[in-house]
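The chain below stands alone and is given in structure tokens; this is the form predicted on its own.
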Amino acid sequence: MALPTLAIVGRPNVGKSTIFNRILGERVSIVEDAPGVTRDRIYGRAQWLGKDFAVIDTGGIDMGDEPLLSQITQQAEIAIEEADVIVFLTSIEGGVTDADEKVAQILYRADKPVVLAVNKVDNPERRQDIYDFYSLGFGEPYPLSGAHGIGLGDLLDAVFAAFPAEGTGDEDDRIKFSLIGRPNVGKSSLVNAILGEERVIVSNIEGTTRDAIDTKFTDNGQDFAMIDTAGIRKRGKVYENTEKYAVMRALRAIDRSDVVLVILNAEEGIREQDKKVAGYAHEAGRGIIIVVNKWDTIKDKDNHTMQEFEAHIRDEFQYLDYAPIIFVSALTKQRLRNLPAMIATVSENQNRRIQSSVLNDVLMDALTVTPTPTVNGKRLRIYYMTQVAVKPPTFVVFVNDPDMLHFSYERFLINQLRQTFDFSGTPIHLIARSRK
């Protein structure tokens, strides 16, 4: 299921980044008192009362040299497009301004729930002034203090009450995948090549966002849903060119995917942004396939060209040593026939469950080959291992002291699991718990 999404909208310097950071519980944006400071991160996952949701800070989407009002307009439009619920953030300092009125006029036209919040209500005296904000026409204003973290609980309760009801979803057996990568790595042409005439396209169903269309198709009896990412199917929007907006769309697509295809451009090689987005997919525990596109453009290939390129990828993406690599060409359709089967295999590995008895046989063998380390004269003891989750496969080992399980021995255990079972394409999570 797609995460319910909240977007924070408002004129500059009302504290959007501060509230965004408070909700995420970490300082991920650059927060300064100057209006229009650019942010580092505009999209994140948060949790409230045990439920996950996504948050967008529209203030982080910089529109270049646009006039201020048109920037505010475009940021509000992005929120309307991307979010299930919009938090309209104002500030008690300065009261209701013309810019607030401008945002309100745009939000009136949205068929999305809007929750009005007034920031910088840092003391009880200021609470008296929040009633002016009823004039914006969005009902009761929620007083907040981003600086002190006050009022967020009531705000999030209101947001969750406005989120759409969770659907049951009929796509459980459909493998959802997305293509992510920098602009100009050939995502659009790959999409069109994957959906070649020989495929059966079932339907284009509206996704969670207004125009994110998930393309469904069947290959060899397996149902797939390809999740749209930034700019693949959507042209002509001003903000499509802003890199941060494109990255945000990619992160949202990753959150909805079972398997992520990280697309690299064979001509240009590996860039820093490739690593960032791939890292997010890895952290989110998604299945990953590295797809090197435009392989047809590499001239004078010999028997070693592919091996050398693969070695370079392994060197740059050391944390993705489990991800299979495929060299393709959208233009010539080289090896594209293999992609759906690879996606299905990685999805199967993500859902693989191992019986505890079999796991503990593997564990005993591993302990015999490489005994556990000693720390300060005390030996780490591992009693038992069991699998507690899939997507990604997650294992718990019960030990005498979790702090003694050093990451090098944890990596050794994960490698033993990989050597025994097929977990290619999926990360493995290992958690140490005390037996007591």
Ligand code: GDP
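In case it trips you up, residue 1 is the first one in the sequence shown, and so on. Just so it is clear, the model here is predicted, and its values are computed rather than measured.
There is another form of the same protein, the form predicted together with the named molecule; it is not shown, and what comes next is about it.
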With the named molecule left out here, work out from 309-317, 108-116, 134-142, 293-301 which stretch has heavy atoms within 4.5 Å of it in the predicted bound form. 293-301
In the predicted bound form, the residue from L251, A278, V185, I194 that sits within 4.5 Å of the named molecule by heavy atoms: V185
Have a look at S189, T73, T218, N351 for me and say which one sits with a heavy atom within 4.5 Å of the named molecule in the predicted bound form. S189
The named molecule in the predicted bound form: contacted by all of S347, L413 and R418, heavy atom 4.5 Å: no
Proximity of L331 to the named molecule in the predicted bound form, heavy atoms at 4.5 Å: yes
State yes or no: in the predicted bound form, is some non-hydrogen atom of K120 no more than 4.5 angstroms from a non-hydrogen atom of the named molecule? yes
Answer yes if any heavy atom of R271 is within 4.5 Å of a heavy atom of the named molecule in the predicted bound form; otherwise answer no. no
Quick one: is G425 in contact with the named molecule in the predicted bound form, heavy atoms, 4.5 Å cut-off? no
Which residues from 3-19 come close to the named molecule in the predicted bound form, meaning a heavy atom within 4.5 Å? R11, P12, N13, V14, G15, K16, S17, T18
